[in-house]
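Next up: just one chain, as structure tokens, the form predicted alone.
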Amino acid sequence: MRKGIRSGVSSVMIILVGVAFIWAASSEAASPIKIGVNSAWDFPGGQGVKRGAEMAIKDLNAAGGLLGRKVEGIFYDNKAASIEAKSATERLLYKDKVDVICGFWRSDLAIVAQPLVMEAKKILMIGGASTPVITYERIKQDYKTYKYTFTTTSNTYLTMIGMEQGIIESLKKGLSKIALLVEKAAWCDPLYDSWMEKYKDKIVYSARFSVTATDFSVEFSQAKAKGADILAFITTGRGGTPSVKQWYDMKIPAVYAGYNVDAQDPNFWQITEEKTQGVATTKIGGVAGIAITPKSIPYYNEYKKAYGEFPIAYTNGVAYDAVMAWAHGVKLAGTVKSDAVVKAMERKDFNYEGVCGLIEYFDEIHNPVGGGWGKGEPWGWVAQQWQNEKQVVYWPKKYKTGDFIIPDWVKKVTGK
């Protein structure tokens, strides 16, 4: 009798364990896949990350989700502050238990948050930050620890090739004296050091300024006094719009060339009260209304439908591609487990065609290559200049829509 009771109890236990296992498996399958998004909403670049990720998550769910599961986005505003960025990262990892983290338009924030994500062995999809620290200095030098990091924009050494085109074109037209004004941000350090050395015989004035700076009257006055005729201005912060207005109002006799996130805005001509003629910047072509891939123009128009305006910063496109590239890796791997997804994304046949270009990750630092841009080229980037209310692409030749010009009022002063 006791033997029968023991046998019955044992059978019940086996059944209960089986039911629990099935319930756990079905519960996991039914639970949403979580994507954490960490950026600064009050800046064009940070807002771009948020919107790009939102659009990607929406498109994934419209297509049936991922691995048969709904995709959920969890968004945190890090307010462009290191402490906030680290805190938000920890909440995403340990409170929200996300499967992947996307974001970090600012390089200084990516630098402090990256080790936290790597310690948790979660994949980090960088949607904008271009500092070489997170790629060359970490992934390449310590692959085992940092292999979970991928980017969807080129590092500074590559992007500055596009940013330099305005200087190159100005020199071709006979201008020769450079004022180099660069914001104090981690991604800018290698650019500043490189250009200071490369153009040391042509730089007549140089300065670094805060990302929150909005008054450049002192720097511009110094540049004018030194006779600069090329204003190499680099900013992703608050200074984009005010710097252009002050350059025009103060009639600084120099071509405004370099990199200005605000100047990527299709409405920048109106925003600056028509003071934008000749301002040159760079932008990811796929979010500038250029048909880099078959997905570029549909994305561009869908963004307008969703937010009532065309994309401002490049970051919306690279954040969209970051989420979708990771999702492509998940599909290839058949799981969200990080090590399996890393292997899938490093495969030679990964080849994800995004909004900004064809993405392949078989290089040693997980920067995207492919789609018309080879290794050692600024993947996805074009150089453009404001001319008569339009954004004219003057580089590279493949996507060129016009020639680089010197504004008439600058010509009158310089005689060039």
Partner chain sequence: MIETIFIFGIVWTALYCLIAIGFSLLFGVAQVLNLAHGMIIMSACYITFLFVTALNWSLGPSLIVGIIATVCLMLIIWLGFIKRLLTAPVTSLLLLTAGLANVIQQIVILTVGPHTKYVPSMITGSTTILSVTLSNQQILSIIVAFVLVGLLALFLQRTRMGRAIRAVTQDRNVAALSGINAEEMYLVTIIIAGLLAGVAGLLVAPIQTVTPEIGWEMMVTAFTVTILAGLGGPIWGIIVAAAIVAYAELITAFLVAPMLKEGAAFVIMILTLMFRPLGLFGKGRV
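Residue numbers count along the first chain shown, from 1. The structure displayed is predicted, hence computed values, not measured ones. Throughout, rigid core stands for the largest set of C-alpha atoms superposing within 1.5 Å between the two forms.
If you look for the form predicted together with its partner chain, you will not find it shown, but the lines that follow are about it.
Here the chain stands alone, but in the predicted bound form its contact with its partner chain, taken as any heavy atom within 4.5 Å, falls in 209-217 among 278-286, 167-175, 327-335, 209-217. Although the partner is absent here, Arg238 lies within 4.5 Å of its partner chain in the predicted bound form, judged by heavy atoms. Not displayed here, its partner chain is approached by Asp262 to within 4.5 Å at the level of heavy atoms in the predicted bound form. At the 4.5 Å threshold, heavy atoms of Phe43 reach its partner chain in the predicted bound form.
Interface membership of Glu273, defined by any non-hydrogen atom within 4.5 Å of its partner chain in the predicted bound form, is confirmed. This chain appears without its partner; in the predicted bound form, the one residue of Val204, Ala340, Met250, Ile297 with a heavy atom within 4.5 Å of its partner chain is Met250. This chain lacks the partner; the member of Lys121, Lys140, Lys198, Lys245 within 4.5 angstroms of its partner chain in the predicted bound form by a non-hydrogen atom is Lys245. Contact annotation for the candidate site: Gln47, Lys184 and Ser221 all lie close to its partner chain in the predicted bound form (heavy atom within 4.5 Å). Once the rigid core is overlaid between this form and the one not shown, Asn260 counts among the residues whose Cα shifts by 2 Å or more. With the core superposed, Glu119 shows a C-alpha displacement below 2 Å between this form and the one not shown. A displacement of 2 angstroms or greater separates the C-alpha positions of Ser243 between this form and the one not shown, with the rigid core held in common.
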